[in-house]
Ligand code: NAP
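Here you get one chain, nothing else, as structure tokens; it is the form predicted alone.
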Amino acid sequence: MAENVALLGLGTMGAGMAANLLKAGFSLTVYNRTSAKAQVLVGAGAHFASTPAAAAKGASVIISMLADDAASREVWLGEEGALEAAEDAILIESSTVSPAWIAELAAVAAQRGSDFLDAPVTGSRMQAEAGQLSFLVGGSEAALEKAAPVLKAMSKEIVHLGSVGSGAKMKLINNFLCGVQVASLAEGLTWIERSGLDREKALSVLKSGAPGSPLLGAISARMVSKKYDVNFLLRLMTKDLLYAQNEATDCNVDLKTAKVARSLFEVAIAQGFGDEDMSSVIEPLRNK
């Protein structure tokens, strides 16, 4: 077991991940821009650091779980960033970020002689809290073997996809497919509601038929109840779709469906739903 773990970012996912690291017996130091989010964890035994560098000092494994490329860059390479303070640590980027940023960050880590893994996750808030995430890992087998006990404390599976950057690419493909399905469900459910069909019967047909998926079941329930407490922030799905479009373009693939889905999410952001759950993308359609 790595004695000291640092976790940078206590948002929707990071807080649950941190709690499971504590449950597994790791000595944990956490960093978050707003210290209030750390208080429950401190009460459970975590140490709070006022800067990423302070969190990283003395850690054997340093994990970040942040919103986007800009937030990740600031925490790793900004003033009092974690990378400068890391010594003999395995660096793990678990945020959903662009492969281009992963390549840049990995290069800086290599210059400092640090092992680096990109290890984004599938799952949302509930899976993070339950320790049932899936880690999509890019990096060396040797680094993953060292980090595995830490990742296992937060997950149901660890999938090693290949070299650094593989995890980030797989995560964007995953979220592209999820985002498009959520957007199309919002349109389909709005259609059902205006068509005169019995909504529950119609959804039962869809959930048990070919379109059915765990995502459709979970998101349709939220759309029906209009309960948009956050499992996955709408504005972050919008960002993920943009990153996916950019990465696919580099592979000469035009994600036309991502472009359309992202336009629906952008409308929802403009109407004030950016900090709600992504299922709230249906509300601007309902209100037309």
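The structure presented is a predicted model; accordingly, all values stated were derived computationally and were not measured. Numbering starts at 1 and follows the sequence shown.
Only in words, not in the display: the form predicted in complex with this ligand, which the text now covers.
Visitor: With the partner left out here, if you bring back this ligand in the model of the complex, are 58, 146 and 160 all within 4.5 Å of it by some heavy atom?
Guide: The answer is no; none of 58, 146 and 160 reaches this ligand.
Visitor: Whether residue 12 contacts this ligand in the model of the complex should be assessed with a 4.5 Å heavy atom distance threshold; does it?
Guide: So residue 12 counts as contacting this ligand.
Visitor: Answer yes if any heavy atom of residue 62 is within 4.5 Å of a heavy atom of this ligand in the model of the complex; otherwise answer no.
Guide: Judged by the heavy-atom cut-off of 4.5 Å, residue 62 is well away from this ligand in the model of the complex.
Visitor: Looking in the model of the complex, any heavy atom of residue 236 within 4.5 Å of this ligand?
Guide: The answer is yes: residue 236 has a heavy atom within 4.5 Å of this ligand.
Visitor: Can you check whether residue 90 is within 4.5 Å of this ligand in the model of the complex, heavy atom basis?
Guide: No, residue 90 sits far enough from this ligand in the model of the complex that none of its heavy atoms falls within 4.5 Å.
Visitor: Among the candidate residues 203, 168, 121, 82, which is the single one with a non-hydrogen atom no more than 4.5 Å from this ligand in the model of the complex?
Guide: The residue from 203, 168, 121, 82 that makes the contact is 121.
Visitor: Between the options 53, 248, 67, 242, which residue brings a heavy atom to within 4.5 Å of this ligand in the model of the complex?
Guide: Comparing distances to this ligand in the model of the complex, the residue within 4.5 Å is 67.
Visitor: Given the stretches 94 to 102, 213 to 221, 191 to 199, 110 to 118, which is the single one in contact with this ligand in the model of the complex, using a heavy atom cutoff of 4.5 Å?
Guide: Selected range: 94 to 102.
Visitor: In sequence order, which positions of 13 to 39 have a non-hydrogen atom within 4.5 Å of this ligand in the model of the complex?
Guide: The stretch 13 to 39, when checked against this ligand in the model of the complex, contributes 13, 14, 32, 33, 34, 37 at the 4.5 Å heavy-atom cut-off.
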